[in-house]
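The chain below stands alone and is given as structure tokens, in the form predicted alone.
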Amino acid sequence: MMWKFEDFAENTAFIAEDGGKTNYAELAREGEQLAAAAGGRCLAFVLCRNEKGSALGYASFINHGIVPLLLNADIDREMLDALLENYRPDYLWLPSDMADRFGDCGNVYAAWGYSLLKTRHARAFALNDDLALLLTTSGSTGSPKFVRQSYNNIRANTASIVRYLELDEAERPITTLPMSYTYGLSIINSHLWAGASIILTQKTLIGKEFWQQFKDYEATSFGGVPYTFEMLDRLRFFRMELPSLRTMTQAGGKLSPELHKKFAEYAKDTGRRFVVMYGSAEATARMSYLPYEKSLEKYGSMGIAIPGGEFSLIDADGKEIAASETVGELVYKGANVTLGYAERGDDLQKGDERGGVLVTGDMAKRDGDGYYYIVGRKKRFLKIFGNRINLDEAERLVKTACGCECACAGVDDKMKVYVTDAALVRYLRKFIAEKTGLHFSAFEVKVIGAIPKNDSGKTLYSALDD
């Protein structure tokens, strides 16, 4: 068992948008019935919303040896169908209002507004004994590539987070991120571990309803990606009366030093905690944290390795860098480094391919006190509103849909799609936004005369007007 719900039987596990409460004893009992309906270890797709039915399915499957693959319930249907064909799960666990869309599946169980649908597949692929969870690597682009997380990975990372954030059963976080996203899921994992009460909501923090729920149910913490804090700054967050708020956490990309300092000053002046962190799905969730006592002194830093973890920097030849203030590629070691990737059903039987070491692809430096600072990214990924977007996957989507040449580049929160056909501009901006499920303001389509190529036909990204 990952979580010992019986230790907190009478504690409230979830508080829904309507104020309805579910305790840990109910969560354990309903989880056992759901797992029994699934009939043992197998693969199940979970289409997630921030609702107690979604959390029930995830927690029940993990606790009973069923492997969940988490997806946002709003995923494009064409993308979902491709993933279903690639991985051939035994079951779908989804909001009951979506069940009619899967007429070829039988409804075998329902609880808390969610339904368990049996697909036509039965144990189509062998599952490695250590495999616990599959999480997407590239936001919502429909990539078939998933991170394979083990039970030990989740257990180690969750225990570490609980320790450094000093979580206990008095905590009451409110959801601000999708639970299918590694950072949002880690908040659920760690607070279930601590026996805390999680306020579940589909509302966004740009709406008054979110903040009313925050106040009514006395939330003590929230987490956010850089875009979250940019919005809060514009929303005049600092003037809000939030007496129950104790902790703010940030991950999912690098926060600007200016905004980091601003929130650190606010936290210091109001007696709250602001904790900046760094992580990825490949490390289960978190690799570093900046202790809140250092948030102002070391603003701009991602902090130090989490308990049980270790950082180093390597140069272009793979040699470890000992000197401070020298940029190198960031390497992490720890029990939360995941098994590897899956790109097809056959990969689900693979074992540990990383041996506890993750070469992150991020470039960083370390100051004289041992605190790390991210300075850039080595690989072709962007963080769009906290969602990691693989630029190569985005190019694949555009080329498949339009049959045109294109190149994708840009910076975090601003992706540029370069094309040569002006007639595609309006369509592509809407298309990318729909396929990723992200706001169109993050995407710019630029028309150029030709996509620059080298002699071997590879795109010269450095020649783009970036």
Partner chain sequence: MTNLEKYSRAFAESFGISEGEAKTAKYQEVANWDSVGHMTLMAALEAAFDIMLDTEDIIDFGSFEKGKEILKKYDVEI
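Everything numeric in this text was worked out from a predicted model, so none of it was measured. Numbering follows the first chain given and starts at 1.
Form predicted in complex with its partner chain: not shown, discussed below.
Self-check item: Listed residue (321, 126, 170, 206) with a non-hydrogen atom within 4.5 angstroms of its partner chain in the model of the complex
Solution: Selected option: 206.
Quiz item: Only one of 122, 231, 108, 296 has a non-hydrogen atom within 4.5 angstroms of its partner chain in the model of the complex; which is it?
Solution: Of 122, 231, 108, 296, the residue with a heavy atom within 4.5 Å of its partner chain in the model of the complex is 231.
Quiz item: Does each of 5, 98 and 112 have at least one heavy atom within 4.5 Å of its partner chain in the model of the complex?
Solution: The answer is no: none of the three residues contacts the partner (heavy atom, 4.5 Å cut-off).
Exercise. Tell me, please, which stretch of 262-270, 371-379, 197-205, 301-309 lies within 4.5 angstroms of its partner chain in the model of the complex when heavy atoms are compared?
Key: Going through the listed ranges, the match is 197-205.
Exercise. Please run the contact check for residue 439 against its partner chain in the model of the complex: heavy atoms, 4.5 angstroms, yes or no?
Key: Yes, residue 439 lies within 4.5 Å of its partner chain in the model of the complex.
Exercise. Indicate whether its partner chain has at least one heavy atom within 4.5 Å of a heavy atom of residue 211 in the model of the complex.
Key: Contact with its partner chain, yes.
Self-check item: Exercise: residue 77 in contact with its partner chain in the model of the complex, heavy atom 4.5 Å
Solution: Residue 77: no contact with its partner chain in the model of the complex.
Quiz item: Is there any non-hydrogen atom of residue 227 lying within 4.5 Å of its partner chain in the model of the complex?
Solution: Yes, contact at 4.5 Å.
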